[in-house]
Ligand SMILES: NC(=O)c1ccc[n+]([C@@H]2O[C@H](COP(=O)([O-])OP(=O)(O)OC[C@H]3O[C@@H](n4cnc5c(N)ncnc54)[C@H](O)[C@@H]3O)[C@@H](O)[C@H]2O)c1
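Shown below, as structure tokens, is a lone chain in the form predicted alone; questions about how it binds or moves come after it.
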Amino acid sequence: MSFAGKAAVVAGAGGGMGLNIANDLIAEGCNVALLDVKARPADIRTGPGRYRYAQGDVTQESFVKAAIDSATAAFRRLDYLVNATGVLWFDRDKSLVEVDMEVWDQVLAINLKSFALTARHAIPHMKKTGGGAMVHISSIQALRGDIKAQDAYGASKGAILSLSRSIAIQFAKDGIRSNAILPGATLSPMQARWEGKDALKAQIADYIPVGRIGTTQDQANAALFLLSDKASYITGTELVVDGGVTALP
């Protein structure tokens, strides 16, 4: 899976899955623009690929356009887009009959609108490059409900699948592929509620068929495969990376 000399934009790269994916691409010689509302993390890889970090709100089109245009000008091409931006607000995201609709709008903007904006401004550059590949991070919650409802989160993650498929169909003839990853339980900053709760983590791991909670590296491995030429015949589909949870009866 050669990424040397290629260029990528990774949105939501200030930590967790997005940062792991960006670091793995940099390690493979890819030049990467990292976008996030958070301050630049200290643990971005230093090479062999180059990187640029743009701090800003990815729900704002002016920021997204400027960041992608600037990165493409610097790297002289755009081959890959990874959408890893996301929030999971357990304290505020509730059932649709209870949730504050301002919270609903915020979650949909961060988890879905930002994906549309990055794709909107990446596609013209990918066309000029001669094609490209996108990976959008969804969730297994796109496939099911939950006893403890987070309806805005679930709705946004389900909509990502439709958006990804539509992009795949629209731009296949331009050499642009689009796929989604559906992570299951993953140890990342989004799951800070598990910190220090070894008994809870052991219970979760016991429920997962492979016997462990996933890592951001598990998701990064899947992302790099889908971006690579080894997945050149794969588009408009979803890869579930959940240790077998969705296969349970």
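One-based numbering along the sequence shown. Quick caveat, the model's predicted, so the values are computed rather than measured.
Beyond the structure shown, there is the form predicted together with the named molecule, which is absent from this document and is the topic of what follows.
Visitor: With heavy atoms only and a cut-off of 4.5 Å, decide whether Gly86 touches the named molecule in the model of the complex.
Guide: Because a heavy atom of Gly86 falls inside 4.5 Å of the named molecule in the model of the complex, the answer is yes.
Visitor: Contact with the named molecule in the model of the complex for Asn31, defined as at least one heavy atom pair within 4.5 Å: yes or no?
Guide: No, Asn31 stays farther than 4.5 Å from the named molecule in the model of the complex.
Visitor: State yes or no: in the model of the complex, is some non-hydrogen atom of Arg177 no more than 4.5 angstroms from a non-hydrogen atom of the named molecule?
Guide: So Arg177 does not count as contacting the named molecule.
Visitor: Determine whether any heavy atom of Asp36 comes within 4.5 Å of a heavy atom of the named molecule in the model of the complex, and answer yes or no.
Guide: Because a heavy atom of Asp36 falls inside 4.5 Å of the named molecule in the model of the complex, the answer is yes.
Visitor: Tell me which of 183-191, 23-31, 197-205, 220-228 has residues with heavy atoms within 4.5 angstroms of the named molecule in the model of the complex?
Guide: One stretch meets the cut-off, namely 183-191.
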